[in-house]
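Single chain ahead, written as structure tokens, the form predicted on its own.
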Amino acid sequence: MMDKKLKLDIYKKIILSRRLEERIAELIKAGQVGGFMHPGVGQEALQVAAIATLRPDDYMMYAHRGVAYWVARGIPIERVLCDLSGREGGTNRGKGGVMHVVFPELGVLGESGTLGGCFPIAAGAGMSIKVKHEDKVVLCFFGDGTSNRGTFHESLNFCAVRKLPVIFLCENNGWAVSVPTEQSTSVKDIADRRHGYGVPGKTIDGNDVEQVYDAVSEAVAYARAGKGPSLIEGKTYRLWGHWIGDPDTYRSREEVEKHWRRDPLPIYENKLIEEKLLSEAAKAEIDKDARAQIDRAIAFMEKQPFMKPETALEDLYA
């Protein structure tokens, strides 16, 4: 059950995530940063609400879409911007771009170089928790397309057999780059794949903050009690293209416009207003504060030096 403070905290993080991505898109299009990014506009509610269920010492494997993971986890956004722009000061010293943010202090373990690499890492983190007799959990985000990788099935089976504390959370946005889910995936609901591995799970509306929070909270409690993994699927939609600059010619305008009308941000905003938890004045103040945070983060980023070529071989472990 979410209290007033948590509901507003989730709202503030969704706003900060949305405004940050809008600003990053402006910077990329203006050539002011050379980074590459897959936007998560439309999926922030799912990401922020799910991460709100974690403790600071839990582990998280993120998917590659958007900045809300890091905003929700509390990673300083100026460090994320340095990663994006290839500057010192980033979480990976600007070497891995915005898709390889790593912040072990908050359990953010980075991302594999290939989609689907997250699953064995999540299973490994889960195994470490069990061996050390800890009560942490691992929250592993992934997309609908990634659910077709062999690593998903092998890792879910392994976690089920060993009863590892891993929550597999699918962000089903309906598209794997330019391929619709129904053309690439054998099941209508990816959560149905849980039956093959004997684990609990469900399909939910990924744009509904409370549904996401309740479902992931239940899975986290199950994992923390030592009962094993769960598989949750949140139906959502990416409102922008696959990447910043994607011409997005593979989707009809009618389809995209239909989903803009289900944008989780104004829906959640209106819900909070109806519950008298948010006023128009408070909404404007939260938006102003988010923009000010972003301005300060960009000013920090612009003062950082670019990574020097001679540092390229530093921080290598294999």
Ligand SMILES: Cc1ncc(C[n+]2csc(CCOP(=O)(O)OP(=O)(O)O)c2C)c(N)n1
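So that there is no doubt, residue numbering starts at 1 and follows the sequence shown. All values reported here derive from a predicted model rather than from experimental measurement.
The next section is about a form of this same protein that is not shown, the form predicted in complex with this ligand.
A.B. asks: Mark S186 yes when one of its heavy atoms lies within 4.5 Å of a heavy atom of this ligand in the predicted complex, and no otherwise.
C.D. replies: No, no contact at 4.5 Å.
A.B. asks: Can you check whether G110 is within 4.5 Å of this ligand in the predicted complex, heavy atom basis?
C.D. replies: G110: no contact with this ligand in the predicted complex.
A.B. asks: Answer for W175 alone: is it within 4.5 Å of this ligand in the predicted complex, judged on heavy atom distances?
C.D. replies: W175: contacts this ligand in the predicted complex.
A.B. asks: Can L115 be called a contact residue for this ligand in the predicted complex at 4.5 Å between heavy atoms?
C.D. replies: Yes, L115 sits close enough to this ligand in the predicted complex that at least one of its heavy atoms falls within 4.5 Å.
A.B. asks: Quick one: from K136, R93, R149, H100, grab the residue that has a heavy atom within 4.5 Å of this ligand in the predicted complex.
C.D. replies: Looking at the other structure, the residue within range turns out to be R149.
A.B. asks: Which residue, G145, G86, G124, G74, has a heavy atom that falls within 4.5 Å of this ligand in the predicted complex?
C.D. replies: None of the others qualify; the residue that does is G145.
A.B. asks: Want to guess which of 245-253, 58-66, 284-292, 261-269 is within 4.5 Å of this ligand in the predicted complex, heavy atoms only?
C.D. replies: Heavy-atom contact with the partner occurs in 58-66.
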